[in-house]
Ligand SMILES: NC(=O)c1ccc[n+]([C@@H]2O[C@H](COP(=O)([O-])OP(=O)(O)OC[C@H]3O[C@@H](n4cnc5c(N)ncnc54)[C@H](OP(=O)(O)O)[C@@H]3O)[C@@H](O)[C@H]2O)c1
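As a starting point, one isolated chain is supplied in structure tokens, in the form predicted on its own.
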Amino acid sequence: MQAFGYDHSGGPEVFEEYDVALPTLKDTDILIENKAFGLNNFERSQRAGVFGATTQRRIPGRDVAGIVKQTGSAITKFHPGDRVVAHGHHSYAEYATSSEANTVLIPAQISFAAAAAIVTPGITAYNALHYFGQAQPGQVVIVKGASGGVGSLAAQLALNLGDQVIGIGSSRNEAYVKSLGVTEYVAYDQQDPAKVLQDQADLVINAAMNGASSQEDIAMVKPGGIIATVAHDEAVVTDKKVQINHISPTREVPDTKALQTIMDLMASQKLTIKIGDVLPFTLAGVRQGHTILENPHAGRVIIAKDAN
């Protein structure tokens, strides 16, 4: 089968196209004929060697949307021909694998490209709100980086929970964030969010690039409130009684819980994701996609055979 990967670290040009064998299925595996997969910053960092140099062939990727081709003997919920989206394995390929624990059906009205676009940011946003943020209906939730993939989904999930959501981002993204249903927005390039929103939030979700400005988060959250942040390296010093939870992958929340919630909301037109680029299912498309990831960009980057 066709696959895209690399055997050493470097820039987007290290990607090559390989002809590899179909995965050997275990009893608990689902084989998915790949129609679209999403590109993530984790894969960009992995390719660049941020987590250590690559010394052997790697076919990356987790986000996949396609059609079930084959199932293992223990699979009961899915059948060949089903349209599915999954947080699977080795998605930069013609076929990927998943399990029942990380796969859900795609409603007919949702395209493969849109489904693939929400996997990693959707799971992250869901966990940020519900697990790390412990959100409850009726709270005031501030979302930093509200125009990004994780931030925009977290804002919409909070709105659908019944929370009052305040978005933070640059002034150029205000119209987009308000189009999601967020009525209050603070542009950090025009106002100081820490002053404007001091002690207003029950929950601050910091989904900004690298979780910038933790001291700002502390200023905005109420005493006794929670900060859920993607930041990991910034030292935080405060006497304010707040709980700071660092967002990271977790097995405490099943992937299917997040994916099913998002699929249902998308199907009822209560949630959307911005797609910036849909590129061809080719080596050139993958290299171009990773080149886009190298620079600031708007919207998710998708590789697709069939956007529908």
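Residue numbers run from 1 along the displayed sequence. All of these numbers come straight from a predicted model, not from anything done at the bench.
One more form of this protein, predicted together with this ligand, exists but is not displayed; see below.
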Item checked: Contact label in the predicted complex: Gly145 to this ligand, heavy atom within 4.5 Å -> yes
Notebook entry, point to check: Should Arg172 be counted as a contact of this ligand in the predicted complex, where contact means heavy atoms within 4.5 Å?
Noted result: yes
Next item on the list: Please check if Gln269 has a heavy atom lying within 4.5 Å of any heavy atom of this ligand in the predicted complex.
Entry: no
Note to self: Under a 4.5 Å heavy atom criterion, is Ile247 part of the interface with this ligand in the predicted complex?
What the structure shows: yes
Notebook entry, point to check: Can you pick the stretch from 91-99, 70-78, 161-169, 195-203 whose heavy atoms fall within 4.5 Å of this ligand in the predicted complex?
Noted result: 161-169
Next item on the list: Counting non-hydrogen atoms within 4.5 angstroms of this ligand in the predicted complex, say which of Ala135, Ile106, Ala219, Val230 makes the cut.
Entry: Val230
Checklist line | in the predicted complex, the one of Ile226, Ala208, Ala113, Val84 near this ligand [non-hydrogen atom within 4.5 angstroms] | finding: Ala208
Check: Which residues in 278-301 have a heavy atom within 4.5 Å of this ligand in the predicted complex?
Finding: His297
